[in-house]
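Below you'll find only one chain, the form predicted on its own, shown as structure tokens.
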Amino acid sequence: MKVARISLFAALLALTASLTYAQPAVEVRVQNLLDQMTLEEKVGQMTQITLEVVSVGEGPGIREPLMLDRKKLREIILDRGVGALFNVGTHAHSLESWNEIISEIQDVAREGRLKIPVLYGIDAIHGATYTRGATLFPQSIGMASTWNPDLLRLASEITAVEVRASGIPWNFNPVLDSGRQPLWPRLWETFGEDALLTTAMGVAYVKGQEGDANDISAPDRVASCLKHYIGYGHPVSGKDRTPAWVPDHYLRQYILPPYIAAVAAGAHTVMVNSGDINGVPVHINRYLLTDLLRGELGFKGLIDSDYADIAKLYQNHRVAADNKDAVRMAVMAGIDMVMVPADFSFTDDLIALVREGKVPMSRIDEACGRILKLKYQLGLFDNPYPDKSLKARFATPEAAVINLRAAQESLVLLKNEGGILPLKKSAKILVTGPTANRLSVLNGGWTYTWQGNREDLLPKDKLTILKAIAAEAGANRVSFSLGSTYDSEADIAAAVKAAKKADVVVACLGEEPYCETPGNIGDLTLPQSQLDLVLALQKSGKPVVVVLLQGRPRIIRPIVDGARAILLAWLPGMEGGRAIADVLFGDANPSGRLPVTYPRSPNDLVLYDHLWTENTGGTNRFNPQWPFGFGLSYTTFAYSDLKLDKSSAARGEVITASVTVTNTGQVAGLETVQLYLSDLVASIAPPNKRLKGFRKIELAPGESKTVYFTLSGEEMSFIGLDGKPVIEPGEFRVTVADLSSNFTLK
């Protein structure tokens, strides 16, 4: 496997050459089309409407299977010139149904004066989530736990094929928000709390979606969308769509790097943060949208709003007097397309603003030109219809194999006292808990429905944890007792009674599916009923193995000491049940590592890269339940011979670090070698350490490998108060596992 280390500025220079933005032929075609368009047609292109608006029926009365209302469709496309549609209606459609929907939309578009195709976008965040039968991978927090960008790229490539097979060319993913607030209900959509890990995974995902050359006209590629630019994952309250307070140097140090690299990797579109930073909603923040994103980062693609966020500028944020004022502010700040989503308030107000001279025509041409350019780059003008030959590449057995591997590698073994795992298949096993026998909890939100909570829609051939354990051990050795729902007792006494007849208990805990604001909570502690179930089972005297299915690190401190083993599964996708059973029985060796710090207490939410003042001893100490980067295996690894090729270096010199890793156990295993760097003295209080390199390697029993990392000036720099990288002379410490070595920068 490759060294997963991202050099942001090198990436920016190296990858810019592969971008497809600067295509003279496309530019000429865009300008020729703009010259023929009216103001109304241009503003129509900037308007994005949800599929429900053109469906037969309204709200819960939408016809199933979904059918388009041809009259409404003609109204929005031919009369209003709407340029983009998105969303799913009520729930996931079959591949054939999507093909029919997209074809009918494009048929109407071809009736138009200029025959401009419609751009369709979808949230396919862990596979083609709104297409029935698609390959649904672990959610991003689980993929981050693999610490395997190459594996994520494979998953992203499969997703691109299956989304494009559905007839949809635009995917609202990857989420590059830094998951640095564990209460946040969208944490599971992120790649965790660290900038380097998020950067590596984000770039891998973009390249999987768009290809090395970012040729999104290819039939098996889609346009990616970086979201949610920027700072969305850092709300002070932990509640969705609430304010963040982020100093500029902190934003540039911890939050911006993944966007720098993903823009350099060629991502074609960006979606904007629904919240505000330092009191200014990002949708009207010209500094962030235009000066920083376009000016400094060099982004040349399309900037899309998030759902109904222009109206929220006056309804929620209260920074605009009315919708018209909000439209003016957002468009002038840099928004190109608006996810309205269900009326023409944006369209009518923007047309009026142009006629009143409050928005210049040049800004409309700029925004509309970017939209048309994307449509040309996607090949929609040449052929906007679904490629039905891609059906042969949809949900293939090969994709399922990769999905199972991803799910296996995403599982993080947090405790294994006395080596109780792997379980013997001859054991009598009680399976209990609210997440034991449901597919929805394996997938979470954005799965067939927005909230992901429709168990009845999910494929019947996939295995829950209970069914997967029974398939492995035999149904006659496995019993089930619910014990507890998510937040109330079901029958704990019955579960305890059943436990006394078993050799081991597998207690499946966690969260019910949720997405966005409905997932807001005020306490990270797992509901008491679930904790009570495990506490009662522990008193039975039988060993208890806890399996956690959740989108954020729910606090389980009361049951940790009494649990013999704890397996964190996050949201492992459609193959998650099989993967969990494989790990429990030793058919797969767990290799996941935490991409977030797992807190011990509700109000002690300190991140791994904390400042030195956050860990001075006594009651002021860094004391997580499990640290960032942690994870156990069924084998053991020993680290030795950490070496630096020089003890001091001049500015501009590169330091090479090497370390030897040996599998000292009895089975083969995957180990993620993690290198951290500490700047021991700096003019701005430095973090105690930061991840600067990682590599996932496979070792047979007794095998050793030497792993190399390089540290350049970029790794030694930090962002100063002026927002620029600073490299200061002084002493640095390199840490790998329990080894460390210092060097001096002159």
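One rule holds for the numbers: they count along the sequence shown, beginning at 1. Because the structure is a prediction, the values reported are computed rather than measured.
Keep in mind the form predicted together with a small molecule is missing from the figure; the text below concerns it.
In summary, among the residues Asp220, Asp645, Glu516, Glu96, the only one with a non-hydrogen atom within 4.5 Å of the small molecule in the predicted bound form is Glu516. Interface residue among Ala473, Val545, Ile492, Met339, judged by heavy atoms within 4.5 Å of the small molecule in the predicted bound form: Met339. For the three marked residues, His283, Arg328 and Leu350, no heavy atom of any sits within 4.5 Å of the small molecule in the predicted bound form. The small molecule in the predicted bound form comes within 4.5 Å of a heavy atom belonging to Arg241. For Trp626, no non-hydrogen atom is located within 4.5 Å of the small molecule in the predicted bound form, even though that partner is not displayed.
For Met271, a non-hydrogen atom is located within 4.5 Å of the small molecule in the predicted bound form, even though that partner is not displayed. At the 4.5 Å threshold, heavy atoms of Tyr314 stay clear of the small molecule in the predicted bound form, well away from it. The stretch from 84-92, 417-425, 504-512, 372-380 that comes within 4.5 Å of the small molecule in the predicted bound form, counting heavy atoms only, is 84-92.
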